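Listed next as structure tokens is one chain, alone, in the form predicted on its own.
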Amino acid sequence: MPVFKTPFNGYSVRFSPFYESRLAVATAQNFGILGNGRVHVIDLSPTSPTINELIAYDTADGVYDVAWSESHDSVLVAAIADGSVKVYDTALPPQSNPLRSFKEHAREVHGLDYNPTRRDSFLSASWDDSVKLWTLDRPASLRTFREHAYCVYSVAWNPKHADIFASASGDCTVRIWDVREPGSTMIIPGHEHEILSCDWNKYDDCLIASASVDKSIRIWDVRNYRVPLSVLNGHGYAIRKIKFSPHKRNLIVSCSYDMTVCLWDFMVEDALVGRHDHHTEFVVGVDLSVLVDGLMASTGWDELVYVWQQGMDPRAV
């Protein structure tokens, strides 16, 4: 399956919601500690197992995450280590990009998510302990959500309810928010250690997963969140990112500092259904295509992006 080499360390990879062969990749120099960043927009070749770069955007600071617009097929947003969120439009010439740069966060922006139902707004999660709500047509954020006591690493819109989202934080909680309410509507004390990622199930809008430094994934039902519905153990180190499948209700994919990508069926006893060890460094980005069932991508600090079909070996050419 195709592989793409990035000059910097990979941080995040996202499939386009409009083009089944297009992805965006966030990268940062020197493992994101200090240095430049670059956003790559890449295309899978329809005729050969290769990946072609459509365009790349350089940044003065590392890029930690990317998210595609749900309403404009050429627009994406990037989370930057200087606290800014930058907007790019691949349909415009390079000199016209970035289209916008929103600078409000006091520290690194670590996570982004575009609203999949309303399609006009997105969220940013930052190490300044806050989440911000944005639209592309406003120069300032619409709202700031401040309750977490430590870095917010991940943010995810509910796939069915346009006003509801979740945030995962180093304060060991997942918080559920309704943008119409003044504060969070639910606090899930999910783990004993930092929570690095969260995601909603795409078929059951009451199920949410959290992934932690404690090496576990926990599935929660927000109607009864005192005890997790399922606990998935099998990673050897902290789990960096998780994603529920857009095509299979019970499938979840994860990536970890143990250099593996794992697939889980959270409804069966032997939940671990696949493990890929194709990366040679921390795996920090993973995604599943909304448009192609079973198409997956991962990126990591080995400066590689892999794209493969579930059931295949990512390294197979």
Partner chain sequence: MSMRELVTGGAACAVPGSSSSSSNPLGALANALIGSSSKTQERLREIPNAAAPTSDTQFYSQVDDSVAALPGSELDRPFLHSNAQGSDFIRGLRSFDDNGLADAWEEIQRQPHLDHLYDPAAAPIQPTLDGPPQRVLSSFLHSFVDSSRSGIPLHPTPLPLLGLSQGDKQCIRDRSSIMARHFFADKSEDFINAQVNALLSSLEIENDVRARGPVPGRFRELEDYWNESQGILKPGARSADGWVTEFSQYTAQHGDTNAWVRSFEQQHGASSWASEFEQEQAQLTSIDHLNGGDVANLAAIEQTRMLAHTLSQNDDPKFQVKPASGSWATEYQQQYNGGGTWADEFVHNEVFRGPDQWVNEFATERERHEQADDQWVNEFSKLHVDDWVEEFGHQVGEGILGDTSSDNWANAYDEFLNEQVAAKQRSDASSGVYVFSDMNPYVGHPNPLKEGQELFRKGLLSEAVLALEAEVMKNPENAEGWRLLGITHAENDDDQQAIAAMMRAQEADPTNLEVLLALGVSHTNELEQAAALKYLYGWLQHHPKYGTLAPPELGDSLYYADVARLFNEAAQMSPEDADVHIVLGVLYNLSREYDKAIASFKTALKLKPNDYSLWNKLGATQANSVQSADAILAYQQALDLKPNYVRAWANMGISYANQGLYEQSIRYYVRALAMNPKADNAWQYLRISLSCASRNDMLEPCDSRNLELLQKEFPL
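Not measured: the values here are computed from a predicted model. Numbering follows the first chain given and starts at 1.
The form predicted together with the partner chain exists for this protein as well; it is not shown, and the discussion that follows is about that form.
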Given a 4.5 Å cut-off on heavy atoms, tell me which of 268 to 276, 57 to 65, 246 to 254, 43 to 51 is the interface stretch with the partner chain in the predicted complex. 57 to 65
Mark Ser96 yes when one of its heavy atoms lies within 4.5 Å of a heavy atom of the partner chain in the predicted complex, and no otherwise. yes
Residue-level contact is defined here as any heavy atom of the residue lying within 4.5 Å of the partner chain in the predicted complex; does Leu288 satisfy this criterion? no
How about Leu142 - does it come within 4.5 Å of the partner chain in the predicted complex, if we only consider non-hydrogen atoms? yes
Taking heavy atoms and a 4.5 Å cut-off, does Leu263 contact the partner chain in the predicted complex? no
Check for me: heavy atom within 4.5 Å of the partner chain in the predicted complex, for each of Phe102, Cys151 and Ile164, yes or no. yes
Going by heavy atoms, what in 68 to 84 lies within 4.5 angstroms of the partner chain in the predicted complex? His72, Ser74, Val75, Ala81, Asp82
